[in-house]
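The chain below stands alone and is given in structure tokens; this is the form predicted on its own.
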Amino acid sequence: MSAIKLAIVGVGKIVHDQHLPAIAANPDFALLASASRNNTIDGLPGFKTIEEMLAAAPEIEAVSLCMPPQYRYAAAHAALTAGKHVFLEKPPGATLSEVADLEALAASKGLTLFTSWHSRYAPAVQPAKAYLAAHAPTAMHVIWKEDVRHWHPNQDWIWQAGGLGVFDPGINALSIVTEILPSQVFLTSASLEFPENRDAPIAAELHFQDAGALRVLAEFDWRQTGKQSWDIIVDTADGQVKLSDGGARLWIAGEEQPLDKEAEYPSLYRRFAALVKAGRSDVDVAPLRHVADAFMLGRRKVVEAFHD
């Protein structure tokens, strides 16, 4: 099979930091063009809209959509309607209904739709999942706290309705939680802190349980300075499991485990290529469903205004 002719829509920091190196290193893809309101990729034709791009370059076979989630549905619908396979950056959409509609459209056209969750490909995730499959978890504590001014400076979209606020990084933690737990958990209560001048939360506390005795506490906060915290701690009868640095490091019963080198985005593109070749889709909305439940069930608390 020849290289898949790919285009990127929404050219921002994550594209330059992660997507472009992963694509360049993968012989299954040939990057042809980009579409973005304000940015281009050096050496490639650049267009303002996906519609302009698809009209000018009909040979494109697949697109990676990396714009904010509020704008992703229209672009994905346009791509699928034009017969293109679609890679969705996380989160896959602004609502669950959008993603369900795209899944149905992709299926009707025999196209691949891939809801990518890059944190699931962190090196600690699969070893932790295997351990927890053999050693039942009894409790879990998720601590995902970082400095929004460092990671998302001057990004107004992330504070708008649909931008998810602190759930933009928090959903990465939830993607790991839903991957490594052997049982399904559901939200029982939540507290969301909204700056008085913003439409999205800056902090959240979530409580989950499964059908048995497992309880999960997740704490998300965008106000942490200094050392950043991306940790998941799981208690079992046979010792504690700790994933740290977003899943880059793993301890089991107090001993750090040897892990493969981090390769989240190369793994995502290998997965996307395999799905396209097999004529299959991979649509998982479990992390987004938990976020939707938090907005539905969570108690709202107004806190001091946030200014960049």
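In this text, all values refer to a predicted model and were calculated from it rather than measured experimentally. Heads up: residue numbers just count along the shown sequence, starting at 1.
Below, we refer to the form predicted together with a further copy of the same chain, which is not included among the displayed structures.
Undergrad: Classify residue 132 as contacting or not contacting a further copy of the same chain in the predicted complex by the rule of any non-hydrogen atom within 4.5 angstroms, answering yes or no.
TA: Residue-level check for residue 132: no, no contact with a further copy of the same chain.
Undergrad: Does residue 211 reach a further copy of the same chain in the predicted complex if we count a contact as any heavy atom within 4.5 Å?
TA: Answer yes; at least one heavy atom of residue 211 falls within 4.5 Å of a further copy of the same chain in the predicted complex.
Undergrad: Decide whether residue 186 counts as a contact residue for a further copy of the same chain in the predicted complex under a heavy atom distance cut-off of 4.5 Å.
TA: Yes, residue 186 sits close enough to a further copy of the same chain in the predicted complex that at least one of its heavy atoms falls within 4.5 Å.
Undergrad: Can any non-hydrogen atom of residue 230 be found within 4.5 angstroms of a further copy of the same chain in the predicted complex?
TA: Because no heavy atom of residue 230 falls inside 4.5 Å of a further copy of the same chain in the predicted complex, the answer is no.
Undergrad: Identify, from the list 216, 148, 94, 181, the residue with a heavy atom within 4.5 Å of a further copy of the same chain in the predicted complex.
TA: Exactly one residue meets the criterion: 94.
Undergrad: Based on heavy atom distances of at most 4.5 Å to a further copy of the same chain in the predicted complex, which listed stretch, 112 to 120, 137 to 145, 234 to 242, 96 to 104, is the contact stretch?
TA: Stretch 96 to 104 is the one.
Undergrad: Can you name the residues of 289 to 307 that have a heavy atom within 4.5 Å of a further copy of the same chain in the predicted complex?
TA: Heavy-atom contacts to a further copy of the same chain in the predicted complex: 289, 290, 291, 292, 293, 295, 296, 297, 298, 299, 300.
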